[in-house]
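In the structure tokens that follow, the same protein chain appears in two forms, which are kept apart as structure 1 and structure 2.
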Structure 1
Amino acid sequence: MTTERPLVLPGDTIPPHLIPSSTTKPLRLGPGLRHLPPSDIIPVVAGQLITNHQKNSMWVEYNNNRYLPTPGDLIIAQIHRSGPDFYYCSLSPYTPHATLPHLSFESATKKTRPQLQPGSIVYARVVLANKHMDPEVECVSQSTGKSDGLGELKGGMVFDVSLQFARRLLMAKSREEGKVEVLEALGAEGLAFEIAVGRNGRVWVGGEDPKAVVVVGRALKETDEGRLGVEEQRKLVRRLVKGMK
């Protein structure tokens, strides 16, 4: 990922050297950017322009707590109800219910598909999102037919975080680039847990010890809300783990 993160305003011209130019991957535009045919890309919000040359993607980092679905986003959704062919699930309080096809699971058939109940939590990927249609999500990779970690999240707890913090957690090098060390610090203290991060500002934490799950969730929320630096995150973890004993 580039170390240059210029501030951009709506309508600004983005210099060509900041636009990823992979010859093998399509360019992916994330939140805050719009493509104007034939080749113009402009910001639609004010914030920091972030480019990931490895994934051939770019987006604008900005303070906004309203999630806008974007194809390719990993999200945590809650099942609202089931229809004849789809589950209808909630991505956030501000977006229409997304559809999740019954057969969009690994090896799913009409007889073997998961029977998800209202309130169930799934880790999914956005495959369709535009202003004319409700979002569609999937729990299986279209290229491999495998779940690749997607599907129902059983047990555990879901915690809400800001969209900006969720993006930092999802960075390939969240410790170096996102300045998020809280998860590594928790692991170093001996806590065993699983985690799934949704771009829609939801984090699922699972584990055998309910106390550890609560501590991980508290650590994430306090790091986010307090905008804690790396050293402050380490102190927070030591305090929370000490309180468990």
Structure 2
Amino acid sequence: MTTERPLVLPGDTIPPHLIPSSTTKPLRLGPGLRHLPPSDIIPVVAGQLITNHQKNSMWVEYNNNRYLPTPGDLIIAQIHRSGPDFYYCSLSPYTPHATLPHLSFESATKKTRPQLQPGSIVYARVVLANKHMDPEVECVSQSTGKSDGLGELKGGMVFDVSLQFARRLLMAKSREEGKVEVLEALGAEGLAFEIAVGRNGRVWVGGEDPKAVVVVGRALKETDEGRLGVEEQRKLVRRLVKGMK
């Protein structure tokens, strides 16, 4: 791993020493890079160029606000209407609807499938996404046939956050790598709530007490919009919880 993370703009030339040169593994290009045959690699967005020599991969770390579906992403989708075989649901405003097959639920058959009303929300996984087709999502794991926590989200409230923040919340080590402490801090204050984070920048928060839900939502939004550090997050949570009582 190099610690150098230079700023790149679209069309910049990447310094050759930052392109990993492993001969055994294939070079993997992450988001924000374009390969122009034969051997040019060009950034297409503005961000920090990150090179991982061990994995022989490189990508551009950047923030955007428009969610682009990618297979495997966990998202929160809103049902728009039901068709003969699919639900049509929206992943982000003003984009074409994604399809959610009626049978993509745990142990669903034609008769036992869940009946979802327009406007209800589901926690789902993206299975199919490419630029020429509308995305498809599912609420069941293809391999195990179990829901794994996916499915309709009942009650609660949805809060919009930036895509970057949703990604940080979803990181396996969100505390160490993503520098998000806010959820742990809220839990430590004794608030009871459930949470589902969608990669499309939507966070569902459920709980008995609407006050607690609002506090969680505000803590998330203010952490995101105020770009707070770990210490500031703890302070914010203390302040919000104090104001709640």
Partner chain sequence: MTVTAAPEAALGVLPRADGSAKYSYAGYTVTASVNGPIEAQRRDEHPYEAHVDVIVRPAAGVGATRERHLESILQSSLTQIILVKNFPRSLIQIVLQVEDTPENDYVNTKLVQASLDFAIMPALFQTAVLALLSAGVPMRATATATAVALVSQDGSKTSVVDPSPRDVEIAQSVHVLAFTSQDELLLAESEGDFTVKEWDEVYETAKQVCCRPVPTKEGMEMVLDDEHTSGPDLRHFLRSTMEQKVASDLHWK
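For numbering, take structure 1's sequence and count from 1. Rigid core here is just the name for the largest C-alpha set that superposes within 1.5 Å across the two forms. Quantities reported herein were computed from a predicted structural model and do not represent experimental measurements.
Asker: Out of structure 1 and structure 2, where do we see the form predicted together with the partner chain?
Answerer: The chain shown second - structure 2 - is the form that fits the description.
Asker: Superposing on the rigid core, do we see a C-alpha displacement of 2 Å or more at V215 between structure 1 and structure 2?
Answerer: No, V215 moves less than 2 Å.
Asker: Using a superposition on the rigid core, decide whether the Cα position of I195 changes by 2 angstroms or more between structure 1 and structure 2.
Answerer: No.
Asker: Would you say R227 moves between structure 1 and structure 2, meaning its CA shifts by 2 Å or more once the core is fitted?
Answerer: The answer is no, as the C-alpha of R227 shifts between structure 1 and structure 2 by less than 2 Å after core alignment.
Asker: Just grab the Cα shift of T24 between structure 1 and structure 2 for me, core aligned, in angstrom.
Answerer: So the C-alpha of this residue moves 16.5 Å.
Asker: Keeping the rigid core fixed, work out how far the Cα of L33 travels between structure 1 and structure 2, to one decimal in Å.
Answerer: In the core superposition between structure 1 and structure 2, the C-alpha of L33 moves 5.4 Å.
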